[in-house]
Ligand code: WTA
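Here's a solo chain for you in structure tokens, the form predicted alone.
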Amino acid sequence: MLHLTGDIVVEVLNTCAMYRFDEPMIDDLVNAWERDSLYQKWHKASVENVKQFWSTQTDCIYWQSLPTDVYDNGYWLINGKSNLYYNCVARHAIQTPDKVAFINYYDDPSMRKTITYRELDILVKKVVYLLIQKGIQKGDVVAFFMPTRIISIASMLACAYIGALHMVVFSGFSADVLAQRIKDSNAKLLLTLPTIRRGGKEIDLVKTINEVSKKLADNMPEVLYMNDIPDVPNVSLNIEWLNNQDEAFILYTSGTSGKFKGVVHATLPYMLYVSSTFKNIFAPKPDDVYFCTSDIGWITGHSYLVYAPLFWGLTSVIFDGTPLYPTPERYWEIIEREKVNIFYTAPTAIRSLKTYGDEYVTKHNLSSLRVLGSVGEPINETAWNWYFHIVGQKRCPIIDTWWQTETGGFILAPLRNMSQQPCVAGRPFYGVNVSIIDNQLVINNAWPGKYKRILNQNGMYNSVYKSGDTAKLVNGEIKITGRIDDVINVSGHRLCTADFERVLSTMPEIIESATVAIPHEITGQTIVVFAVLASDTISTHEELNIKIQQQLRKSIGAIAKPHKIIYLDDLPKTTTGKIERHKLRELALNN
């Protein structure tokens, strides 16, 4: 077994970061084969001595009490005490008080607001005082129904300050969804705003809250509207130093069945994992401007919009709006104005923006961009190429990250100078042992970002974590091909829905497609294709049906003949861009 000392592992990680982000130097020093060989060596060392590897990553954390052991029998950072708020705000408010923490863009393009680390620290303490006045203590759950704004993030940090758990619900969800999550989490307080804007339209959140109140009746928590934060007394507010089992937040996630589950993350191991993955995958520089387009209602918004960038003291752009309003150039305008260096968005947004052509992008100066990221679902080749060639001007690597709410942070990501294979999620992060078993991606060891528990469910998952995603190796790297239930079995032939969608993405008449399986009494399952057509399509549905069948037969085989082809104006999706296949199955069964 290969063992590395702490100093060597630190050197390895520093070298690795240098190799990924200084391309001319890399090309001078080592060829692609040597880079691959170095990664294999370093990764092998990191998974063979997990404790030693993660111990090298703890030095950047401010500890009130140092851990006595990094990992033992399912527990991380034993006897350690720290605080997310202190690491993400307080220490930067001391060291770089005048540095801008967030640049907030709103749905209204005329609105832009900035806040420094000193100002953010003051705002967080105001919210802390309000929470304490409402009786919120360590371990209590505070529900959020708020958009991605500075006040929302300050409120999340205020929960971290006192050791309360935040439970953020996307502000576009219905009253039913919000009520379910409040009830399931037993939230003691609900933070919200009276109104928000999306796509130029004002949305009345008070109406939604009133509906929730009717549904929950006596179980409705007190509502605190955060649009006007009063001045608070200048009192001493004690930070709650949390141990390795204290919990940071609950975040609900839906499987393809549509059933929700509350994923709970523990504070200290979560902080260790997201800070380490962000630093080593994106390799931000101290003066970088970072732009993640996620909403705070999702794990990307938690890990890589709020906590990891703040942990490293970056300046981040946050966006409370839609990429198409008032024109499809909002992202590119913001990137040009703020000189964004790292841009992290979803394939759904890329596909949508691509349909409006290149001009909206090329009219803007995007030369500040150094790294592009993708998150939320596998990106298809057409979108990847447009992102790389048009947005990144053929010089920015695309970090196509794979991870889940349950994993806390990145599990797979392309290591920039080792390869740029379109639509391939890349290699496991250091310290994470990944394999493909029966076509399913499996994580074989413990890692700090793994969720602590599922709310209101007994027991914990064992050390082997089955992701539910299918995968395959492509030139030594891992490509995510779909969900386990996205595999169609027709007369004993296993077909992946991603293969159908890849073929259909090459047809100019089709903007987007999805494939599902429904039961069939003879073949076991049969195929139903859903397609969204381009606005300039002149072919009839009958003509397109024939063309689609021909394309699928040619690319996949005769077994790939769809039982039905259904045309929609849009595919049902979650706000993170994941296609809601359970809804498509219901539609297919009823058509």
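Whichever C-alpha set is largest while still superposing within 1.5 Å between the two forms counts as the rigid core. Predicted model, so just to flag it, every value in this text is computed and none were measured. Don't overthink the numbering: it's just position in the shown sequence, from 1.
Although not depicted, the form predicted in complex with the ligand is the subject of the following passage.
Peer 1: Is every one of Ile299, Gly376 and Ile480 within 4.5 Å of the ligand in the model of the complex, counting heavy atoms?
Peer 2: All three within 4.5 Å in the model of the complex.
Peer 1: Pick from 309 to 317, 239 to 247, 368 to 376, 448 to 456: which stretch has non-hydrogen atoms within 4.5 Å of the ligand in the model of the complex?
Peer 2: In short, 368 to 376.
Peer 1: Taking heavy atoms only, is Asp400 within 4.5 angstroms of the ligand in the model of the complex?
Peer 2: Heavy-atom contact with the ligand at 4.5 Å: present for Asp400.
Peer 1: At 4.5 Å between heavy atoms, is Asp499 in contact with the ligand in the model of the complex?
Peer 2: Outside the cut-off, so no.
Peer 1: May I ask you to check whether Glu329 falls inside a 4.5 Å heavy atom distance of the ligand in the model of the complex?
Peer 2: No, Glu329 is distant from the partner.
Peer 1: Even though the ligand is not shown here, does Thr208 get within 4.5 Å of it in the model of the complex, heavy atoms only?
Peer 2: Flag for Thr208 set to no.
Peer 1: Let me know the one among Thr253, Asn380, Asn104, Thr322 whose heavy atoms come within 4.5 Å of the ligand in the model of the complex, would you?
Peer 2: Going through each option in turn, the one that passes is Thr253.
Peer 1: Within 4.5 Å, heavy atoms only, which of Asp295, Asp469, Asp288, Asp140 is in contact with the ligand in the model of the complex?
Peer 2: Going through each option in turn, the one that passes is Asp469.
Peer 1: Given a superposition on the rigid core, I'd like a yes or no on whether Thr58 shifts its C-alpha by 2 Å or more between the shown form and the other one.
Peer 2: No, the C-alpha position differs by under 2 Å between the shown form and the other one.
Peer 1: After the core is overlaid between the shown form and the other one, has the C-alpha of Asn49 moved by 2 angstroms or more?
Peer 2: Stays below the 2 Å threshold, so no.
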